[in-house]
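Only one chain comes next, encoded as structure tokens, the form predicted on its own.
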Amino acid sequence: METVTLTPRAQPELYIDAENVTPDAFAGKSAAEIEAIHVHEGNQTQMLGDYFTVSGKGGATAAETRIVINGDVVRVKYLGMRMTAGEIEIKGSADMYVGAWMEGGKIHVTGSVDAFAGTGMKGGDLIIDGNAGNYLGAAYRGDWRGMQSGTIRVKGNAGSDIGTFMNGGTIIIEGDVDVHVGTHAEGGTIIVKGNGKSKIGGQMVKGDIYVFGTIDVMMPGYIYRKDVDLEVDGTKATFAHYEGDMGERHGKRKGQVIYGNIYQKY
């Protein structure tokens, strides 16, 4: 695997749209060719080399290309957008839309990310060592397709509206979350190892949400069914199982109604 290292020269005055910073776009290119790739600052089209020192070269394919971003890029959006393979390591924090609509490969952020990370994600692994902002793994505004496959793991806390319209994949938050988790979900798994607030699973018709800590307000559309012993992300424990959201229409499988599930750890 070949490695391309991007070292920020300085934080830009405006935010940069950098949807071309992917293993797919870098594959088969030299450092000079990568520096010439277009990015956008405001309404101006610039070159990647205007903002980063580039070293190394891309591999023959996306799967053989690793990108290392050597520092904070808190004014750079869309890193890893729609990538299909390969790796990106961000040694610092980044702005919005990290890994949005990614289909494969791996992104590792050692710092934190802003909102909409993993939006519409279709595959691959997104690992965030710090915190994540709102709309993690959710649908884009006005869309009904949230995260569909892949795995997102956040080792810190996450904001509100996690997994909105999610219908596949797994989101693991090792810290706390804000309101609105799994709203409108039609599948997938969300694991919160810290505490949740209100409106968890609102209008969810299918899927599983696990909360290891407290839930400030349980949605009134959920009914307690029974206690179950489960192993969740390596933790064996007893969980209270709730089904809902009873305010929604639910499909059937083999004559049985399919509900969304909330499991809260004792």
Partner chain sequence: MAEYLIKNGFVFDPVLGINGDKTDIAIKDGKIVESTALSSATVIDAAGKTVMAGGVDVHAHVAGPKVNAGRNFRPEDKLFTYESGKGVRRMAGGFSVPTTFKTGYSYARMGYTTVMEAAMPPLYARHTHEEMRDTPIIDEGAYPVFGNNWFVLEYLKNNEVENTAAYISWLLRTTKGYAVKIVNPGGTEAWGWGLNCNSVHDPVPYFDITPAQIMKGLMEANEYLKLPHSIHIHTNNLGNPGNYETTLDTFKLFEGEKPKDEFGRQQVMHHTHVQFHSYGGDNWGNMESKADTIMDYVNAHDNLTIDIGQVTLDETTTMTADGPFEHHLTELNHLKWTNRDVELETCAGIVPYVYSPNIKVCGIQWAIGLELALLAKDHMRVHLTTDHPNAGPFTRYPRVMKWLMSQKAREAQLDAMKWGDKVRGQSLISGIDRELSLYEIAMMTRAGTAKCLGLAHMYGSLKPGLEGDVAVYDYNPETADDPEQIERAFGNAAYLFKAGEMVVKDGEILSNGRKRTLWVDVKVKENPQVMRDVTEKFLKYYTVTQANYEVHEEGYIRNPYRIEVDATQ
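Positions refer to the first chain, counted from 1. Only a predicted model underlies this, so the values are computations on that prediction, with no experimental measurement involved.
Just so it is clear, the following notes concern the form predicted together with its partner chain, a form of the same protein that is not shown.
If you check its partner chain in the predicted bound form, you find a heavy atom from every one of Arg82, Trp101 and Arg145 within 4.5 Å. For the chain shown alone, Lys252 is not a contact residue for its partner chain in the predicted bound form, no non-hydrogen atom being within 4.5 angstroms. Heavy atoms within 4.5 Å of its partner chain in the predicted bound form are found in exactly one of 134 to 142, 191 to 199, 103 to 111, 155 to 163, that being 134 to 142.
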